[in-house]
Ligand code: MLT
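Just one chain is shown here, as structure tokens, and it is the form predicted alone.
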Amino acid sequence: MDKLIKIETIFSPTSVDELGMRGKNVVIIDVLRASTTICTALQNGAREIIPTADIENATKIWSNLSPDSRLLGGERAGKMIDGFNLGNSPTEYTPEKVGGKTIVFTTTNGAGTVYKCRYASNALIGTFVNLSAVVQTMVNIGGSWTILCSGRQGSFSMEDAACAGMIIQKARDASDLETDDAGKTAVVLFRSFRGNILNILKRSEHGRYLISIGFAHDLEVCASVDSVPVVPGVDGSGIKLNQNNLVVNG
């Protein structure tokens, strides 16, 4: 018999805190664009990504790192922060720029959500570009999972919810699965677009905003299912890959 997987879905991180996530298995989603950028950076050789919720802490952490191995990455209002090395476009995180580097990373939504999950038993970064790899990891570990959507400034975001729906649908194909009403709603939302991921992103509020400030190509990158087949995991204060592309904490 297939392993039983139980999934709850939370559409906004405002309802959770660090203690509430302690000991849980979590998949953190921020489709546009933090999850996609994290996957890309680690696939392209970044040593570690240190997420932080605010700019002040990011610069403080960065200042304590070795000058030849550190980068500041992130955005506010979708645009690179003044004085930072990189923004939040996955296309910026090339092997030439990020190989061997530690990236201190702060974004409007995703980085703070990741930070809330630092005490989870397993906290994986998920999105469309690594979806199958994340689902396989969930199935391999089994048990109960929380899908935590980063949303947009504390509110519901269509693209994150649709990604949660695709994860749940794919997990159901690979295992016995139970999910809550939020998860069932996410699946209905995903199915309503008939698998057209790019259309989901283009019609979302944040997707339209990114197009308006010149990042239309990022939507295509973020919509490319299974194009970055790695599984980043939160490991203490950072996000890393081990040799098997997975971090599992005790």
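Since the structure is predicted, the reported quantities are computational estimates derived from the model, not experimental observations. Quick note: we count residues from 1 along the sequence shown, nothing fancier.
Quick note: we don't show the form predicted together with the ligand, though the next part is all about it.
In summary, among the residues 179, 122, 157, 107, the only one with a non-hydrogen atom within 4.5 Å of the ligand in the predicted complex is 107. Note that among 59-67, 205-213, 190-198, 40-48, the stretch whose heavy atoms approach the ligand to within 4.5 Å in the predicted complex is 205-213. Contact annotation for residue 34: at least one heavy atom lies within 4.5 Å of the ligand in the predicted complex.
Proximity of residue 88 to the ligand in the predicted complex falls within the 4.5 Å heavy atom cutoff. Interface residues of 52-82, taken as those with a heavy atom within 4.5 Å of the ligand in the predicted complex (partner not displayed): 75, 78, in sequence order.
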